[in-house]
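One chain is shown next in structure tokens, namely the form predicted on its own.
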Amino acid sequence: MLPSRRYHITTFGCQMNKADSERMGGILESMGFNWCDDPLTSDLIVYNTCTIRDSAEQKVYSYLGRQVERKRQDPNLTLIVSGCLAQQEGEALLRRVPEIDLVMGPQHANRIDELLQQVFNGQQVVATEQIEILEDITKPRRDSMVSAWVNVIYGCNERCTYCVVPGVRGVEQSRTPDAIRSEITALGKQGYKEVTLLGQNIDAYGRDLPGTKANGQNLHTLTDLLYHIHDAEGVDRFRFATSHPRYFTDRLITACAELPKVCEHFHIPFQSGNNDILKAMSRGYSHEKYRRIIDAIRHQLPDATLGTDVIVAFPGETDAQFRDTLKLIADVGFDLVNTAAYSPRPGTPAATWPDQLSEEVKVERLREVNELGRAIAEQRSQRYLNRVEEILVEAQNPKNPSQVLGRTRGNRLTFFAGEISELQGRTVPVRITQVRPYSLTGQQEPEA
């Protein structure tokens, strides 16, 4: 056991990275480290990085620069870069920032303790080799006392032409249904009320597992997993992310309609509303198929909330093709649209294509799609006005201590007056009195 030291983890990017950071935090605390809110006074710094866009990379290097100055004054400061940028750059990261002690890819998150022992023995360590991810037996330092992430599948086998994820997170590796259920059961006993199942491509869950079958059907699918975990005691809500239209099934929608604990909330990226661009992206579906998925969801779950991801200014995208994306957003009526301008990533096919679009075009298209997404989200929020929603209370509102915050089943952030000491972890009825594009305000109603 090491003497007690302070650590800080800064997380960039997706929910998978957040879950990885929680696991690394749990391991560090088991080693005797204590969490510190201030990265500039911590003894050990982890930057858990993202490489999906160039802007995320540049932010990491900016943060590292401040820590390098500290390390020159205090050689005992330990600097770790983990995650996707670490996996992509490997030893090149050490050549650029030689003060880093440990470079480790996302597959090595559960090994941070043994890798750190090598660092403390005087080595500079790079851990980016592909490995089989061991079953998750760590106890994460979870940021929430109410909601928890649970990884169900790691890696990605897709080959989208713009994306570095398969190269940095490795091939798909699914956890077994019983291991997942065991973790969720433990979370229920610890008082967690909501669990979000995570996967880079969660609809691919189970296809790499050896065959348990019943009546000729594979039992290792996301749909079957939902049935398998649904009755875990103590957990009131389940969510899952992120879905891929290529593998999304009607059977999954039916499960969401049949299982009361599964929230009516779907996040299904479409990336482009134009079939030629989708083909160039190697997404494996058409905008017509995507619309059929949405129609099927709305048929069975008319009030479901829908989120999506969109990339604008992909190489060669014409203005007319961009308009197809805007039309799809307007036609579907999303509750949330995450947007990004295309950013060339090293090692991806699209980065080498000659028909890259200018920054001016990217900025303008991003502005236009953001304005449309916000306007539609505002329209979608109107349906909540004066409705009574079941809100799972998560925390105190940091901007208004007289309020608590929680989420609807559809994942709308909601604020209302209340005492967190009395309400945290409870699901309470709240009448919505104010609506905004991405959040709501209400007042607590008497419970029946």
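Because the structure is predicted, anything quoted here is derived from the model rather than measured. Note that residue numbering begins at 1 and tracks the sequence as displayed.
Omitted from view is the form predicted in complex with a small molecule, to which the following refers.
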Is the small molecule in the model of the complex near all of L187, F240 and N411, within 4.5 Å of a heavy atom of each? no
Indicate whether the small molecule has at least one heavy atom within 4.5 Å of a heavy atom of A341 in the model of the complex. yes
Residue-level contact is defined here as any heavy atom of the residue lying within 4.5 Å of the small molecule in the model of the complex; does A86 satisfy this criterion? no
Might P269 be said to contact the small molecule in the model of the complex, defining contact as any heavy atom within 4.5 Å? yes
When the contact criterion is heavy atoms within 4.5 Å, does Q200 count as touching the small molecule in the model of the complex? yes
Option from 296 to 304, 250 to 258, 68 to 76, 341 to 349 whose residues, in the model of the complex, bring a heavy atom within 4.5 Å of the small molecule: 341 to 349
Assert contact residue (the small molecule, in the model of the complex, non-hydrogen atom within 4.5 Å, options C163, A204, V337, V262) equals C163
Quick one: of R365, H220, K193, H244, which gets a non-hydrogen atom within 4.5 angstroms of the small molecule in the model of the complex? H244
